[in-house]
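Listed next as structure tokens is one chain, alone, in the form predicted on its own.
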């Protein structure tokens, strides 16, 4: 178990949307937070130490691992990305952080994976973390690679880890798919808190969703981890209906990954 009163936790990507939610949800109990991002981090509290650094700066990453018991890795390129940026941050940057953590003797890594690691499964199949990955994109492929790397670090070096297959993280649900995949700010903090506090998670993969009525996956690891989500996308159904979202009709996408499963990464060469 990582001790919230005495152990130092490093959060990467701390200026991002999820990183900000984690700061809001964790700082009251976790007394030694080290935060890093390529952007400046606003309004640090006395128990937050801020380091501005690029994930590509291996020297800076190694330096900030000093006296760290756990790393919460939230850095990543998403949305409209180039292949070069995706590889630099989500592959090489991730490797550098994980390897620096290993060399520094870090005990635990909590990793922001994605539900796009299994996005090509048909929506009718209640996917669990026990099934093999079926990524729906290069983004999802590299997220699955991070999970595999953490398995190697556990088997070879005994580093405990929890990979969070994060769904649709927003303050509120945004579309029909997110009625199943929404992860609220409060629940992402509860999920990371559980991943840090568990006495021995081994090398665990869990789905990062809230307690949504329409959830279409199955995750027995929530109970093992002690994750008890409180929010439900269904509470915002009328808001979505008012926005013109079809919340009553047939499911829009045939795969768990939604549009990602059918969108080409880049044009094929002719």
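A quick note: this is a predicted structure, and the numbers were derived from the prediction, not measured. Residue numbers count along the first chain shown, from 1.
The same protein also has a form predicted in complex with a small molecule, omitted here; what follows describes it.
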- Query: So which stretch, 98-106, 129-137, 70-78, 152-160, is the one near the small molecule in the model of the complex (non-hydrogen atoms, 4.5 Å)?
  - Reply: 70-78
- Message: Taking a heavy atom within 4.5 Å as contact, would all three of 119, 193 and 228 count as contacting the small molecule in the model of the complex?
- Response: no
- Message: Taking the small molecule as it sits in the model of the complex, is residue 39 in contact with it (heavy atom to heavy atom, 4.5 Å or less)?
- Response: yes
- Query: Is residue 13 one of the residues lying within 4.5 Å of the small molecule in the model of the complex, judged by heavy atom distances?
  - Reply: yes
- Query: Counting only non-hydrogen atoms and a 4.5 angstroms cut-off, does residue 240 reach the small molecule in the model of the complex?
  - Reply: no
- residue 113, heavy atom within 4.5 angstroms of the small molecule in the model of the complex: yes
- Checked 53, 211, 50, 245 for heavy atoms within 4.5 Å of the small molecule in the model of the complex; positive is 53
